[in-house]
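We begin with a single chain expressed as structure tokens, specifically the form predicted on its own.
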Amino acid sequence: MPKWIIFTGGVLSGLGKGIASASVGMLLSSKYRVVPVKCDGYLNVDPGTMNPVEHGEVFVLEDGGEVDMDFGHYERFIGVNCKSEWNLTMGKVFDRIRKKERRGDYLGKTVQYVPHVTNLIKEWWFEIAKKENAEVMLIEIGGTTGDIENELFLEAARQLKNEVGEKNIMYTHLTYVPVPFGVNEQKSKPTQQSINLLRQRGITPDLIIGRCSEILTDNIKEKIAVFCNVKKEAVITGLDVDNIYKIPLVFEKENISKIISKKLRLKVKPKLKKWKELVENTINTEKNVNIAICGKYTGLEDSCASIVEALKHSGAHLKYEVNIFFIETSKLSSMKKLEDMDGVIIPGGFGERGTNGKIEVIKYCRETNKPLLGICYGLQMAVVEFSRNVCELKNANSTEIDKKTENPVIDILPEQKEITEKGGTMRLGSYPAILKKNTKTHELYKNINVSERHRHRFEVNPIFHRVIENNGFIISGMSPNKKLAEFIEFKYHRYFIGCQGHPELKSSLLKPAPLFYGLVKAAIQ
């Protein structure tokens, strides 16, 4: 019988339930098999077609699943490769219900939210727990208590206690404790009201995490405990921090392991020595390096969340603080902003907007020997720039931007053109590559056989492989069938590398992504 920890949130969105649940998972993972599940109330099947400015980045899993960005936190903190079925959206749930009804599984009964939908949600959770042999199940319910979208997930979570027993389940609620300007006093009323909404749904939390700009006082903890019917020691601080990797350390200082151990009868003994050392590497340093992320969607940091984290991981290992600057390429008029940058990243993306700016940034970095890492679309734009300005291929372009270009150096492959359903035309998930020896890429990965996760439709056109290599580009990594360019680098540059995959998705604090580590190291040098 696995133990179950349910995470809910209140007062407002964006409080950090994902990071909180990932941090708890991290503390438990040194001894137990932890499986995280995220329940989202939206009716999309997955976030793959959602605007990243509205929803944050799409996180791609090894199995090709496009899931909520909280899965990035789960993987980075817990050290587990998540699966797409661990992300329940209400779109997926209703799709299953509809198919079961059409098959006649309900034997002519009226299909209702309760019990049919809630039963299906619980069955889904139990299936995952059994299949993964989970010892601890972390269930994060997205949204805010009181939202109509997550009511069925909350009801399923309430019912779960009756099926697994009180000793095997723990309800954790993340809330907000503001300190209003001019008052300078921690206020508990939003928390009281949030917990009241949760209790109306039949759930009384066993642990309350109060998100606050300062450590919660004994007085406020006692007040929350009295009004919310919990013990004072079960009210802890979710402190605002400048580095999310401090959160497990903050939680542990607030005795969260003891609270969980007591409630669920577990022996929680976190291993934090290396983690703490790496966090301190970026706190206690006066050394810093400037990295620019140049693309579109830069108005919201969440749209590049995994890239930001991968840079922080590399900085921690190199004992440097990485200062990150976002530059919107659709509005870029000169390269002046790049003069003070030590390194540049061209991230992934879709569509024509901002591409001219990206190409100009790439040209500037190539000509000035400034370290550059091109990711996915960034690799493709590097090939376009090189083809135009070095290979002298007139109007070289991607057919995503110009379908009639006379030199389609980036093109969609014939076998993908016949698939029209959204997401279907993309290469999604983990794909292998074979690296060329004596290249910077091979030197960084320290292996010939590697894999990265992909999310794209277009490829470097094999027809042009020879011409770009003859002019100084090295295709440093190829697909096993030697057809697709997975990695490129410029031989006459100290660090100019492109990756068709997304190496940021596999980076973690304990093991930074090689290409990001290489970029930050080159930027420091």
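In case it trips you up, residue 1 is the first one in the sequence shown, and so on. Keep in mind the model is a prediction, meaning the values are calculated, not measured.
The form predicted in complex with a small molecule exists for this protein as well; it is not shown, and the discussion that follows is about that form.
Peer 1: Please check if residue 376 has a heavy atom lying within 4.5 Å of any heavy atom of the small molecule in the predicted complex.
Peer 2: Yes, residue 376 is a contact residue.
Peer 1: Please determine whether residue 457 contacts the small molecule in the predicted complex, using a 4.5 Å cut-off between heavy atoms.
Peer 2: Residue 457: yes, in contact with the small molecule in the predicted complex.
Peer 1: Please run the contact check for residue 350 against the small molecule in the predicted complex: heavy atoms, 4.5 angstroms, yes or no?
Peer 2: Yes, residue 350 sits close enough to the small molecule in the predicted complex that at least one of its heavy atoms falls within 4.5 Å.
Peer 1: At the 4.5 Å heavy atom threshold, is residue 380 in contact with the small molecule in the predicted complex?
Peer 2: Yes, residue 380 is a contact residue.
Peer 1: Using a 4.5 Å cut on heavy atoms, which of 252, 400, 321, 342 is close to the small molecule in the predicted complex?
Peer 2: Selected residue: 400.
Peer 1: Any idea which of 342 to 350, 226 to 234, 148 to 156, 364 to 372 reaches within 4.5 Å of the small molecule in the predicted complex, heavy atoms considered?
Peer 2: Residues of 342 to 350 come within 4.5 Å of the partner.
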